[in-house]
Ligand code: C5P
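One chain comes next, on its own, written out as structure tokens in the form predicted on its own.
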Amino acid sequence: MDKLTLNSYAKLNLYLSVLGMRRDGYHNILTIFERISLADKIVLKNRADNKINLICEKKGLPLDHCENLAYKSAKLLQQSFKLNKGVDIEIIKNIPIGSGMAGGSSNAAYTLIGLNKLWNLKLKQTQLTSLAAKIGSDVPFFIYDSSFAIGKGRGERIKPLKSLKRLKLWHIIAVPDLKVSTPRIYKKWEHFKDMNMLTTPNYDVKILISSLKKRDFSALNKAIFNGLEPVTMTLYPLVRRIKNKFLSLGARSALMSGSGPAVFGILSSKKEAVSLAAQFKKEKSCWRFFFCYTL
């Protein structure tokens, strides 16, 4: 095998509670990840030399070797197993860069998965997960073939939610043209905490998981939570306006993903999602819209 193409899926956070700063400078979190159908494509092609070459036509994607997570994945494999192998990594972007849907982390994970096959490394899932955790906080989630999972620690400690494997949620996602800095959001979160300006979740993750199992959208609306949302909305009021627009147009629930700025609505059916998408098109906003579902 000389070439391999993979879908590199995005994620949403149905629940994200920041628990406090760690000694390493990161924050402990408790989150529920959802894998969704919105995806980039990763094309991996073997090289005759040992060079790692990145290819992407999308502006804004870091191609610098120090910043690109897909490059870091390939380099980590080379160094960890002393491989004299090279690869062309072509990234065809559909997930908006810096949107809070972990496009870069997903690219890193699927590069690990793909190179494990392309280079015939025969690494087990536990080995891939360990490598993924060295690259970034969200990367391990994508190593698991799981639609929903709990994330703890920095987000790298993953527990797949097998009881939800048959659940499919429908989403409309709006992404404004904003550059949101995740480190800045977390730093501001510390300020909000010191000033007692943070909101607390109405319910815990167990209640959210229960409402998902029962497809109880009324309970789901009350149980979804993102502790970074008020911080991002304070710095970027447009995010709040987008969420309010979702709710005013009939979305059962709406929430910001990650540190933003993507906002997603939760719908009970494809028909409901298509109807909401049609209403959004009438708004003629400059936001990017995506119609997707749990995968």
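All residue numbers are counted from 1 along the displayed sequence. Just so it is clear, the model here is predicted, and its values are computed rather than measured.
Heads up, the form predicted together with this ligand isn't pictured, but that's what we're talking about next.
Contact here is defined as any heavy atom lying within 4.5 Å of this ligand in the model of the complex, and by that definition each of 26, 29 and 182 is a contact residue.
Among heavy atoms of residue 136, some come within 4.5 Å of this ligand in the model of the complex. Interface membership of residue 192, defined by any non-hydrogen atom within 4.5 Å of this ligand in the model of the complex, is ruled out.
Among heavy atoms of residue 203, none comes within 4.5 Å of this ligand in the model of the complex. At the 4.5 Å threshold, heavy atoms of residue 85 stay clear of this ligand in the model of the complex, well away from it. Residue in contact with this ligand in the model of the complex (any heavy atom within 4.5 Å), chosen from 93, 154, 222, 75: 154. Partner contact region in the model of the complex: 136-144, out of 136-144, 207-215, 159-167, 123-131, criterion any non-hydrogen atom within 4.5 Å of this ligand.
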